[in-house]
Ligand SMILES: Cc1ncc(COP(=O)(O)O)c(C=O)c1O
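Only one chain comes next, encoded as C-alpha cells, the form predicted alone.
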C-alpha cells in the first residue's frame, strides 16, 4: 500500500489514542514504513528522530538486535499460553530477574500495561489490609499533578483533569497532597535536601489520614504526564519513613521512571528506599510487547495464602498475563542493563547515565541559548525537560495558543518526534542514541521553537 491508501484507510476507520481527531485533518499522522534504533522511517523516505522513545518505552530503541533475537527464540517454542496453572522456563527466569531488582520485593504479579499494574497494586493493598485485620484502612492518598493510568481507579489516583474530567462522577474520591518541586538536576542541593519547613507542610496534609490510609501512590522523583515535574530524593526518604511508621503502604509507580530511564534500575534507588509495591512496564521490554508487573514482599503475599474457601485469593486476571514474548524481551533488556550492550561497544547504560544526563541538559541549555524561550531546565538520567515561555516577556503562553503542539508539528516536518506535554518540552530518547543524533535533535528543536515563538 502506498502512503495515500494508508492514510485514507486510517482516516476512515482509526480512532487514535489521546487525541482530538479533528486535529488530524490538518496534521496528518506519520505514515511509518519501519523503525530502527533511535529512528522512525516514513513511507516518504524521511528519517525521524524518536525523541520521546515512542511514549517513553523504547529504552533501547526500535528493534534492538538482542531483544529481537531473544523474542524470536521464545517464539519458536510458543508465543502464549494461559498463565493460570502453567509454568515455563521463560516466566520462571524473568520472575527471578525481576524479583532481584529491589531487596525484599520478590513476588511478581503480571499484567499487560502500566495502568493495570498500578491498579493491581492498589487492589492488593486494600485486600491485604482487609485480610490482616486493618479494616479501617480503605483510603488512598496521592500526589497533586500525578498520573497513574487510565482505568477508573488509577484515574482517580491521578491529578490530570484533561484525562479525568468526563468520568469524575463515577471515580472514587482520592485526596491529593502538595509538595515543593526542585526542578533541577540530581546534583543540585535541592534534590538532596527537602528542608524541615517544607516537610512540615507535607506532614500537615498527611497526618489527618494516618489511621485510614491503605496506601500512598506516587511516581518517584519525576511526575511524567503532569509535566515532567521533579522533586527531592530527600522528600521521598521522609515520606517512606512516615509511611512505614504509620502502617501504610507505599506504591511506587515506576512505569516511567524504572528500569534505567532515570539512570537507576528504580528511581527509588536515589533515595535508598524500597517501597511496598513497585510497578514496572515501558522500559522493561524496551517497548517490545504489552508487558507489566507489580512486585511485592513475601509478607504481603502470605496474607493471601490460605485454603481456597477462605476467599483470600487475589482474583485478578488479564488474558495476556505472563506474556512470554514480553518476558523474553525483558530478559534481554535486563541482560544489557546489567552486563553492557555488546551491540553498542559494550556500553553500560546505568554506569554512564549521569554523564548522558548532563549531555541532555547541556543540549537543552543550548536550545535555550538559541531561543531564549525556556525556563526550569531539569534533568535526571535519560530525560531532560523545560517549560516554554515567551522569549521577550518570559511569561507563559496562553494554553489556548497550543504553543507546544505547534512546536510538535514543526519538529515533525524537520525530522524529530518531540510531542511536548502542553508547554513542557522534553527530551527522552533511547539510552543508546548517539551524540550526533542528539546534537541533530537539539538543532531541530531550536529551529522548531524559533519558527513558532518568533513568528
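All values reported here derive from a predicted model rather than from experimental measurement. Positions refer to the first chain, counted from 1.
Only in words, not in the display: the form predicted in complex with this ligand, which the text now covers.
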{"query": "The single option of 263, 227, 324, 149 touching this ligand in the predicted bound form, heavy atom within 4.5 Å", "finding": "149"}
{"query": "Answer option from 255, 296, 122, 384, heavy atom within 4.5 Å of this ligand in the predicted bound form", "finding": "255"}
{"query": "Residue contact check: residue 115 to this ligand in the predicted bound form, 4.5 Å heavy atom", "finding": "yes"}
{"query": "Contact flag, residue 56 vs this ligand in the predicted bound form, heavy atom cut 4.5 Å", "finding": "yes"}
{"query": "Region of this chain that lies against this ligand in the predicted bound form, out of 172-180, 82-90, 310-318, 106-114 [heavy atom, 4.5 Å]", "finding": "106-114"}
{"query": "Sequence-ordered list of residues in 218-247 near this ligand in the predicted bound form, where near means a heavy atom within 4.5 Å", "finding": "219"}
